[in-house]
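Encoded as structure tokens, the following chain is the form predicted alone, with no partner shown.
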């Protein structure tokens, strides 16, 4: 791949990661774990791990970078990519590409926007994406899991059924979103099994190394780990663009200002960020701010782009 020749190898970032980890260890006020999902509420908010994967599959990390955690909304990036690989343009008839400006589980905009979610990364939009993936593959959550195992090289990645059950037991808001969207014709599958796939998707456990490696196709402009092409260069650019504008919920502007990279967060405390043509970074720390983003994770990525000079700006 022509862009791989001058891209630094993962190990060259290790001194930077070690410096960041030392700074984060002394950082006060690192937020609270996601207490509205009981299975996540008991996770220590001060845990921390960070990893960088280069374009050739090399990876290095610091802290608890090999500790699995609940990926939650980070998986929405991969589900979106799989749908676009099957049908590039059709999805956008049912979901938008604009920031929402509202919390990720809000119903507010759906009614006056005819049931079309603002973007694929808020819960409403992710339900539409999962619906499309289920329609295209017949088993959305299994298809996504197979992809993540292949790209990360870790066949042990799996669902955390306790987390999935916990989310299902407290999933009334997501059920309301799905039924409301379905009433406008933007969801085709029956809602109950669709929700099962959505909750399983969000429950997938991975570590920082897994996620950094799995996101490598976005740094390689759509090329998978085995050298095959998943997305066109233009489609990969589009996914990165939506990550930049919508990937950290209603804090995307602040994330772009501080970090300057396409990124996707999850309420499990993880964030994946992409440096196109260079590397992929994943950081995990479960303490969240009021918008659902990892406090230490955003700070760590801010320091990473500051220390390395790597940014899309």
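Here the structure is a predicted model, which means the values were calculated and not measured. Positions refer to the first chain, counted from 1.
Not on display, but discussed next: the form predicted together with ligand GLU.
Relative to ligand GLU in the predicted complex, residues 73, 174 and 267 are all within 4.5 Å by at least one heavy atom.
Ligand GLU in the predicted complex comes within 4.5 Å of a heavy atom belonging to residue 167.
Ligand GLU in the predicted complex comes within 4.5 Å of no heavy atom belonging to residue 134. By the criterion of a heavy atom within 4.5 Å, residue 123 is counted among the residues contacting ligand GLU in the predicted complex. Contact check for residue 69: no non-hydrogen atom falls within 4.5 Å of ligand GLU in the predicted complex.
Between the options 219, 80, 214, 202, the residue in contact with ligand GLU in the predicted complex by a heavy atom within 4.5 angstroms is 202. Partner contacts here mean any heavy atom within 4.5 Å of ligand GLU in the predicted complex, and among 110 to 118, 81 to 89, 194 to 202, 153 to 161 they occur only in 194 to 202. If you take 239 to 253 and check each residue for a heavy atom within 4.5 Å of ligand GLU in the predicted complex, you get just 249.
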